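Single chain ahead, written as C-alpha cells, the form predicted on its own.
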C-alpha cells in the first residue's frame, strides 16, 4: 500500500547542526527502568523503535555525577568510563537501525532524594523540594556552580566518545538548570539570580562549555519547559526571552510544559487532555528561533502530525508514549497503514512500570520492555512448533483477543474466539464508558482490526460455552479468558469479609451503573477499596447524573494509584468541582435501608444513603476453569486467573501465545538477566 501523499511532509529529512535526521519522527528522552545497569535491555528497547522508523532515539535522564541520585528509580549515568562502555551498546544498535541517538545529560538539583549516594542535594537556593518531603538542598556557591559545569563537560565528552549524535543540556521538568531559570525556585541575589539574564547565566555557561568541549562532533539539544503552568513559575514570555539568548548555542529545541510537581500537564492523561494539548504554549517557540523544534502531545494521528508541521507549529514530531505503544508508528504511516497503529491510550501505566517495577511496560503493547529479556518483537513472530493446531479461546476481552492474535500469527491452523456477549472488549470496553476514558477503547479497536485481518481467526459473539461445549468443540488447545466481575457482596481488603446489607435493592455494582442501572435519586455513597480509576469514575459519573455523591474510601486518599499515573491531583480537583465529598480512611461496616454505617479511626458513624455503589473487589469468573480441571492443553489467562491491571491481563494473553509451544505453557519461561560478561 502506498503512503498517503498528505503525509509526505513527515518523511522529509531535517538538519540539526552537524547531524541529519532521516525524517521528522523523534523519540524524545523518556524513562525505562533500564538505566545504565541493563545496557542490553536499554539498547534493544530503543533500537526496536529505530527499526520502526524513528529518526532519533534518546536515552532517559543520564546523571552527570553521583550527587544526582534518584534511587531507587533506575536512571542512566555517565559518571565514568564504565558507564560510557555500557551506553555504547545503545549507540551501536541505534545506528545499525538507521537512527541518530541522543543522550540527555541531567542533574536533578533539589528534586532528588540522594537515597543511595547519601549526599546533600544542591539547588540555586536553600528552599525545600516541592516534590520530596524532608529533602532540603544546600545552596550552591559560585565555585560549586563551576564544578557542576565541569561535570556536564566530562559527561558530554563521554557521550561523544560513546558515539552519541545529540547531546542534551536538560533543564525541563523542574531539574537543576531549570531551577536556576525559574523565579519560583531561584531566590538568589548574586549574578546567578534576580533578573532573567542572571537566572539564565548558569544554563548558558553550561551550554557554552559543553559546546566548546564537543565541537561540531555532536548536535546540541536544549530541553526546557517553556511554561510552568503554575503560579510563580516560568512563563512563556520569559522562556522565549531565554531561547533568544541561548539560540546561537543550540541546534535543536526540545520543548514542553510543566514540572515534575504538575507532571500531568506534560505527560497528559487522556482522561484530562486531548492530543496536542501543549501546542498553545510550545507553538510560540517559533517566535524566538528558526532552529528545529520538537514537541510532544501524545500524537497518534498521522493527519494531525502532518498538519502541525505544515502549519509551522513544530518541525519534528516528538513522542515518548506513542513510540512505546507502537515502535513501528512511522513505518506504518510510510507504508500507508496508519489504521494499524497501536494508538497510545494515555493511561500512563508505562510510567508506573518504569519507575516502580523498574521495567517499562505498556497497556497497548505487551512487547514493550521485553525486547531483550524475552526476545519479543512487536511486529515479528516465530512459527510455533505446534503450529497447525486448532485453538479455542473462550472469552473476548482484551486478554483473549491478544492471545488469539499472537496464536494466529504463530501459525495455528484456526483460532476460534468465542464471546458470550454481543461485543468484544470485556473490562476494557466497560472502563472506556467512564467519564474521560473513551480513548481506552483503542485497546479493543486495534485488536478488532487485527482479528479482522487474520484469515485464520473466527470470532463468534453471543455464544456461551460450558465444559461440555468446550469438550465438544474438539480444539487441540483451549485458552480460557473469561474475565472477572465486581463482587456484589462487598468482599473487601479491610475486613476480608462481605458487607452485611449488600444484598439490599439500593446497592449497585459498577457494571450495573455503567449499563444504566443507576442508584435512586438522592444521597449516594460510593465505597472504593481498590484505589484506581473505578471508584473515582463511579463518583464522577453519578455526580454528572445529578446524584449527591460521597466517595468513601478505606485508603488514605481518593484513588492513590492515580498518584502513580499522574492523574490524582486533577481528578480530585474535578471531583471537588462536582461537589463530591470525600471521606478517607473509612470502611463500610454495614448497609441499612436509608443509611450506611461507617467505621473510621476506631469510631462508628451513620451516614444517610439512598443508594450505594460497591467498588471493593473483583472476583475471577473461573467456573469454567474449575469445571475443566486439569484437562490437557487447557490454559487460563487474564482476570479469570486473578483480576489485575489491563496491562497485565493483556501481557498474560500475549505471554501464553508466545510460549504456547514450551514444555509447560502455564508457567512463564525464565527471562534473560543481565550479568557481567553475559
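Note that the coordinates shown come from a computational prediction; the quantities given were computed from them, not determined experimentally. Residue numbers count along the first chain shown, from 1.
The form predicted together with a further copy of the same chain is left out here; the points below concern that form.
Engineer: a further copy of the same chain isn't shown here, but in the predicted bound form which of 340, 373, 209, 229 has a heavy atom within 4.5 Å of it?
Structural biologist: Checking each option against a further copy of the same chain in the predicted bound form, the one that comes within 4.5 Å is 373.
Engineer: Exactly one of 307, 462, 456, 126 has a non-hydrogen atom within 4.5 Å of a further copy of the same chain in the predicted bound form; which residue is it?
Structural biologist: It is 126 that has a heavy atom within 4.5 Å of the partner.
Engineer: Mind telling me which stretch in 378-386, 138-146, 268-276, 161-169 gets its heavy atoms within 4.5 Å of a further copy of the same chain in the predicted bound form?
Structural biologist: It is the stretch 138-146.
Engineer: At the 4.5 Å heavy atom threshold, is residue 651 in contact with a further copy of the same chain in the predicted bound form?
Structural biologist: Heavy-atom contact with a further copy of the same chain at 4.5 Å: present for residue 651.
Engineer: Please check if residue 433 has a heavy atom lying within 4.5 Å of any heavy atom of a further copy of the same chain in the predicted bound form.
Structural biologist: So residue 433 does not count as contacting a further copy of the same chain.
Engineer: Please tell me whether any heavy atom belonging to residue 532 falls inside 4.5 Å of a heavy atom of a further copy of the same chain, as the geometry stands in the predicted bound form.
Structural biologist: The answer is yes: residue 532 has a heavy atom within 4.5 Å of a further copy of the same chain.
Engineer: At the 4.5 Å heavy atom threshold, is residue 48 in contact with a further copy of the same chain in the predicted bound form?
Structural biologist: So residue 48 does not count as contacting a further copy of the same chain.
Engineer: Is it true that 65, 85 and 184, all three, sit within 4.5 Å of a further copy of the same chain in the predicted bound form, judged by heavy atoms?
Structural biologist: Yes, the whole candidate spot contacts a further copy of the same chain.
Engineer: Who in 626-647 is close to a further copy of the same chain in the predicted bound form, meaning a heavy atom within 4.5 Å?
Structural biologist: Stretch hits, in order: 626, 641, 642, 643, 644, 645, 647.
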